[in-house]
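In structure tokens, one chain follows: the form predicted alone.
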Amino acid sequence: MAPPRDSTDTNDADRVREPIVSPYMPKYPDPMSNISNFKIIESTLREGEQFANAFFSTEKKVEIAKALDAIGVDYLELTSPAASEQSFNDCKTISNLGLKAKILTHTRCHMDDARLAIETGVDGVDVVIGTSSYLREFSHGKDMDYITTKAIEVITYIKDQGKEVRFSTEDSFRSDLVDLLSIYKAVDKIGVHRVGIADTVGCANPRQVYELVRTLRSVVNCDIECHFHNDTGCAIANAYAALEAGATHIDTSVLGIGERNGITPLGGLLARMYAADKQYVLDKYDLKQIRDVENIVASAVDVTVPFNNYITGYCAFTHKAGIHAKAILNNPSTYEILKPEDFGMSRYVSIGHRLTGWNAVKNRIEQLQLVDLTEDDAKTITAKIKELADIRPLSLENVDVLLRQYHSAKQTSNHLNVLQQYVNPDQLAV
């Protein structure tokens, strides 16, 4: 993580143009931090299938898998082949696509599931079992001795087949710490590739996450994967805290879809990590592909991309207030920590409203190449826009009509009369 840049130089030619993330970022990162060395396990085709509206045909799964692979995610996690015959066949199909991403499937800690997973040809198996008192009593009914014995049996079998294997506890943050550390140490000892922590009910906060991951990092040598549900809105923050504490892998889904409120959203995580180590993220992932996969998934599950969605929401790079607009036009870094062009997006300065400023209107005049109009003209037109926008907001097309009419009338010195004739935005209809 780079230290904050020195922005005290007053020479305009040397002015900092790149975003300064924060003067409060640590100059030296935590020695255990993996902020600049993490992997994404993309679970839209597993966790995402648990979303209320989700039903993915094989063809749609293939389309999503290819779109995610184009971004450069490290792993794709698929629904357990034990779920249904089609799920089994889909695992085989996607495993045979020749994608760059490794293909995983997610199974119960059960030998029958493990054998089915191996038959599909996946690169690895993500094994899970509940360890909280709630799940042990009301779900599978097994004690920790049974869980440990079964985990060792299943992991050993999968490893013997030459496959990557992760062992995760379910409902980790409501499980007893001694139980967790005991079973993680046992599976680490037999060579599991990753252990997983799952905030299954979304109850954890970043401080709890940091402390648990940091403790686990001190007792196991293998990688650490984290899976965060978003019931209380902490999924991205928890993922970031986990990486700071030494986690190596984060589970995501497109638009965050999944059980209930879903999990860490892929786009949101990449935005957060871009702000932490921009070059690492740009070098590893094709951020311009995010919008495409979100549109594919949104259409498939019959939802719209939220207006305030990370990166791709239609408001993400829209600037409205006059003070904001002026600063953005001088230097986008004043109000943008993410560069829209790095994500294949564009910024938009909204000007057809009562909060607009003359600098934004002047910028639109320049875009339209209305070269005869001065700053005084821009200020005059801005006052008219505000007056009309008190009735209702103007579209950009409405504003353009007003600007062009004013410009044309200025050739005959009739421009002020032109403004007076407009008393209602509807008169500017294209």
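Residue numbers run from 1 along the displayed sequence. For clarity, a rigid core is taken as the largest C-alpha set superposing within 1.5 Å between two forms. Bear in mind the structure is a predicted one, so any value in this text is a computation, not a measurement.
There is another form of the same protein, the form predicted in complex with a further copy of the same chain; it is not shown, and what comes next is about it.
Contact here is defined as any heavy atom lying within 4.5 Å of a further copy of the same chain in the predicted complex, and by that definition each of E49, V201 and R272 is a contact residue. Taking the partner from elsewhere, F167 is found to have every heavy atom lying beyond 4.5 Å of a further copy of the same chain in the predicted complex. Interface membership of E85, defined by any non-hydrogen atom within 4.5 Å of a further copy of the same chain in the predicted complex, is confirmed. Contact check for N53: a non-hydrogen atom falls within 4.5 Å of a further copy of the same chain in the predicted complex. Contact annotation for L396: none of its heavy atoms lies within 4.5 Å of a further copy of the same chain in the predicted complex. Of the candidates R354, K185, K159, K288, R354 is the one whose heavy atoms come within 4.5 Å of a further copy of the same chain in the predicted complex; the others do not. In terms of contact with a further copy of the same chain in the predicted complex, the residue from S299, T149, N331, N96 that brings a heavy atom within 4.5 Å is N331. From the list 364-372, 55-63, 36-44, 399-407, the contact stretch for a further copy of the same chain in the predicted complex under a 4.5 Å heavy atom rule is 55-63. Annotation for 154-193: interface residues with a further copy of the same chain in the predicted complex are E170, D171, R174 [heavy atom within 4.5 Å]. With the core held fixed, the Cα of K66 is displaced between this form and the one not shown by less than 2 Å. For A54, a C-alpha deviation below 2 angstroms is recorded between this form and the one not shown after rigid-core alignment. S395 shows a C-alpha shift of 2 Å or greater between this form and the one not shown [criterion: core-superposed Cα displacement of 2 Å].
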